[in-house]
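A single chain comes next, written as C-alpha cells; it is the form predicted alone.
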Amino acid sequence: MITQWFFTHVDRRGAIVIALLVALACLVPLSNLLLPPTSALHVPTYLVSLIGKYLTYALLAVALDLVWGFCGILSLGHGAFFALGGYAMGMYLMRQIGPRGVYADPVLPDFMVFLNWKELPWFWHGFNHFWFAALMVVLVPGILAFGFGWLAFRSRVTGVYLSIITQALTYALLLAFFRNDMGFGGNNGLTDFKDILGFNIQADSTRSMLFAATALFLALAVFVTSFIVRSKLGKVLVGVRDAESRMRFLGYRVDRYKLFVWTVSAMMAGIAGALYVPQVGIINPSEFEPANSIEAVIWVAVGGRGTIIGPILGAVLVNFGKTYFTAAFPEIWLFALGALFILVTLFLPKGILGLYGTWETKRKDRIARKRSEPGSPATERATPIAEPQAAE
C-alpha cells in the first residue's frame, strides 16, 4: 500500500535518485568511519565535506527548479533565502561557543565584544536552542518570501521585471548584512564554530553525519517536489507557466498558486543554507551576492529545467568544474561559466537531462520504425499466412 502510494507521486527516475541518495547517506559515512585510510573504498573526510557542500547546492537547485521549471518564475534572488537559512544556523553555532571564544565572553560572540556591544541583541535570544534555530531556518526565509510574493504576485509583476526585483532584494540584503551595526558580524560574518548539538563540528563522525543529513534532506526535497508536481496543484502550476492569462480566464487564483510554491521553495532554500554552513565553517554577506543566485540558475539550466533530477546533476557537475578550474585556471573560471550558460541556452535548451530524453525518444521511434518495415521479423510475425485455396 505504501509502495503504491509512493510510486503514485514519484516517477521511476525520481525513485532511483531517492534510493541512491539514501544509499549515499548510509554508505559514505560508513566508508569514512569504519574503513582504514589505506582501503581503496575509504572516503576521506575532506571529500565527505566537499560532496556534502555539493549536495546543499543541489538542494538549492531543486528549490529553484520548483518555481522556475514548473511555475515559470525566474528568480535571481534565491541565494538570499539560502543565506538567511545559513545565518540562522550560524547564529545557533555562535551561541554554542560560549566562553571558548577569543575574548572568553560567556554570552556575547567575539565580534560583538570587539565592537563594544554591551548586551546581546533581542533577535539573538533563543538561538542557544537548536529547535528554535531550526524553526528560524524555515520561518525567516518563508516569511520574507511570503511577504515579497504577496506584494509582487498580487500586483501581477511577472517576467523580467520580477527577476530584476528579486535580484534587487538579495543585493539590498547584502548591503544590510555588510553593516557592523546590524549585529550579524559585518563583512567577516560568523565563523569559528565549535559544536553542533554537543558534538565537535570538526570531528570525522560529525562531518559524516552532516553529510548523511544533507543527502536525506535532498531525497526528501525530491519527493516533496515530485509530490507537488504530480498532483492537481502541479498541473495548475504548469498551466500558469505556459498560459497564465488563460488560467486567469478559467477562474484560477494564479497569485495564490504562485505564492504557495514560492514560499515552499524559499523554505527549501533556507534548509539548504542551514546544512551548508556547518560543513563549510563560515557564513558571511558574500552569500547574498547576486552572482550566487545567477549561478544557481545556471545549475538548473545545465541540468535541465523542469525535470527535478536535472538540477541535481547540473549543480554537482558545475560545482565540480568550479572546484577544478578555480584551482587550475582561476582567471578563466568566470569566462568558462558564462560560455557554458550561453552554449546551454543556444544548443541545449532542455539541459543535459533533456538531451538524454530527446535521444531516448528518437531511439524508441527508430526501433518502432524498424519493426514496422516490411520484411522485419515483427512484421512477418504480425502478417497472417494465406491458406491455400481448395481445388474445385
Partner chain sequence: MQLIRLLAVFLVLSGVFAPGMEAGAETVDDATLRPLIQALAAENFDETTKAVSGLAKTGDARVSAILNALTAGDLYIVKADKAVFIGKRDGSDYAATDPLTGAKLAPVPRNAAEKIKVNNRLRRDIAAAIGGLTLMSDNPAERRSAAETILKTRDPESIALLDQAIAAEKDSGIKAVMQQAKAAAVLNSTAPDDAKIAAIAEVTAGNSRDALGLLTPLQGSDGPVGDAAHSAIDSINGKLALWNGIQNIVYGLSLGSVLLLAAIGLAITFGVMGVINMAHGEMVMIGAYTTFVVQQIIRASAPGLFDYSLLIALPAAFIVSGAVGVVIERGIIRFLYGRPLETLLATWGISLVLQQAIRSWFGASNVQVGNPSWMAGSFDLGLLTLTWSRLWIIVFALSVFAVLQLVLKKTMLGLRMRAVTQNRRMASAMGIRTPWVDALTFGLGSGIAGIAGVALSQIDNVSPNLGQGYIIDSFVVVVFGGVGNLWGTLVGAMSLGIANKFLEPFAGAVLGKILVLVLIILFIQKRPRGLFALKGRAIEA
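Positions refer to the first chain, counted from 1. Just so it is clear, the structure is predicted and the values come from calculations on it, not from any experiment.
One more form of this protein exists, namely the form predicted in complex with the partner chain; it is left out here, but the text below deals with it.
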Interface segment, criterion being heavy atoms within 4.5 Å of the partner chain in the model of the complex, picked from 176-184, 199-207, 316-324, 126-134: 176-184
The partner chain in the model of the complex: contacted by all of Gln167, Arg305 and Pro349, heavy atom 4.5 Å: yes
Heavy atom of Arg156 within 4.5 Å of the partner chain in the model of the complex: yes
The partner chain contact in the model of the complex: Phe193, any heavy atom under 4.5 Å: no
Heavy atom of Val28 within 4.5 Å of the partner chain in the model of the complex: no
Thr263: touches the partner chain in the model of the complex, heavy atom cutoff 4.5 angstroms: no
Of Leu35, Leu334, Leu47, Leu355, the one that lies within 4.5 Å of the partner chain in the model of the complex (heavy atoms): Leu334
Proximity to the partner chain in the model of the complex, single hit among Ile309, Leu108, Ile298, Ala212 (heavy atom within 4.5 Å): Ile298
Residues within 4.5 Å of the partner chain in the model of the complex, restricted to 63-80 and counted by heavy atom: Trp68, Leu74, Leu76
